[in-house]
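In structure tokens, the next block holds one chain alone, the form predicted alone.
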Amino acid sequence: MDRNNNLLYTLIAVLVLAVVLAWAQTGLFGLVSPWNPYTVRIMNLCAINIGLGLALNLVNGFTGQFSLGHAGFMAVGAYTVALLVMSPAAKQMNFFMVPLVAPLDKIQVPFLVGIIMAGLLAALFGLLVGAPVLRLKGDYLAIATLGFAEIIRVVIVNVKGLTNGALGLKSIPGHTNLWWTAAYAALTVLLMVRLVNSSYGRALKAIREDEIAAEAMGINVFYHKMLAFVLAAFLAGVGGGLQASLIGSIDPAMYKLPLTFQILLMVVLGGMGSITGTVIAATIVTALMEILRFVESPLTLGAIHLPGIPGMRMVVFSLLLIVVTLFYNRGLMGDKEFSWDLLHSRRQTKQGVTQ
């Protein structure tokens, strides 16, 4: 299949996706959206998780560093957006016990400015954290980044004049919609593709395979690891800000270790070092987390009545994950990427076998 056909098929797929998103968000050609608000919300979460998964895959999959600080960067982004976008009246309502520090109590900026500031502030934290911890390797790096995420959460709980402490923030303006989340996911995918296929991407892969050999070939290992870490922090901050605006309320309990593990699960399930694998896995995991809620409700199967068991959803999901990892121990895509050529060659192979 030549390059022109690949480009044509890609443009058609993008156009179809854009039509579906427009139909789901606002309706199309006078037709009412066939999806209810709950389904649209899940589509938004899928898009956000795609960006978050790709951000973590950049560090863990393509660079070969084991980071567990994703939840901390998301928290920085979420609180930044909330404090910058909320109206002064909403801030006064939230900070009824301890007043919000000046001049944040009077500031209100457009959502785009808040999202950019969320990414930049998260990137700054990534720079400050990465400078010391990226000199560590393996489990030590994981423990250090995990400690950073926990420190951020503890600081949020205790700095009540800035974050409202354990009470969290409510009445965050709901600017996030499918256009915002789809743009975030699409731009993240495009950025990852361009980065991975550049000289920087090849250097990151070389570091992943063998740091000593990469350094011997003249690659500045620390610089490239820092580049990946800061960029991942920026994307995580933007994703956290979009999620905060989508949900409408945040609190420190949302940014505990299980949140990082949920994002890491998408990376591992899709394939470490695979962009399309992360996209597929993030969509599947996000959808299944909602679909499997029915197992926590009372069920009647003929003469058998099963009471609702809280937490059973995670048990079923874990069992499904174990089955998948047994048969696909490198993830759904491994380190490969989806391509129209691959799909075309498999179709020709099946036709040849049939004949």
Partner chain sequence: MALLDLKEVTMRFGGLTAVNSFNLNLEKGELVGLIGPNGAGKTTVFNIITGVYRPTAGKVYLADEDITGFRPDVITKRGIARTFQNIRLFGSLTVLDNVLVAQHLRLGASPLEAVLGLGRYWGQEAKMHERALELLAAVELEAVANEQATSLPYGQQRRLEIARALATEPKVLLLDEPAAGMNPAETVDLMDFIQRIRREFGLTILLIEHQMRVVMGICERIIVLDYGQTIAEGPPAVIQRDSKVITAYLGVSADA
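Numbering follows the first chain given and starts at 1. What you are looking at is a predicted structure, and each value in this text was computed from that prediction instead of being measured.
The following text describes the form predicted in complex with its partner chain, which does not appear among the structures shown.
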item: Heavy atom within 4.5 Å of its partner chain in the model of the complex - the one residue of Lys137, Arg194, Lys170, Lys256 that qualifies; value: Arg194
item: Its partner chain: the contacting residue among Ala186, Ala144, Leu227, Leu104 in the model of the complex [heavy atom, 4.5 Å]; value: Leu227
item: In the model of the complex, Asn158 touching its partner chain (heavy atom, 4.5 Å); value: no
item: In the model of the complex, Asn220 touching its partner chain (heavy atom, 4.5 Å); value: yes
item: Heavy atom of Ala206 within 4.5 Å of its partner chain in the model of the complex; value: yes
item: Any non-hydrogen atom of Ser198 within 4.5 angstroms of its partner chain in the model of the complex; value: yes
item: Stretch from 212 to 220, 107 to 115, 79 to 87, 241 to 249 whose residues place a heavy atom within 4.5 Å of its partner chain in the model of the complex; value: 212 to 220
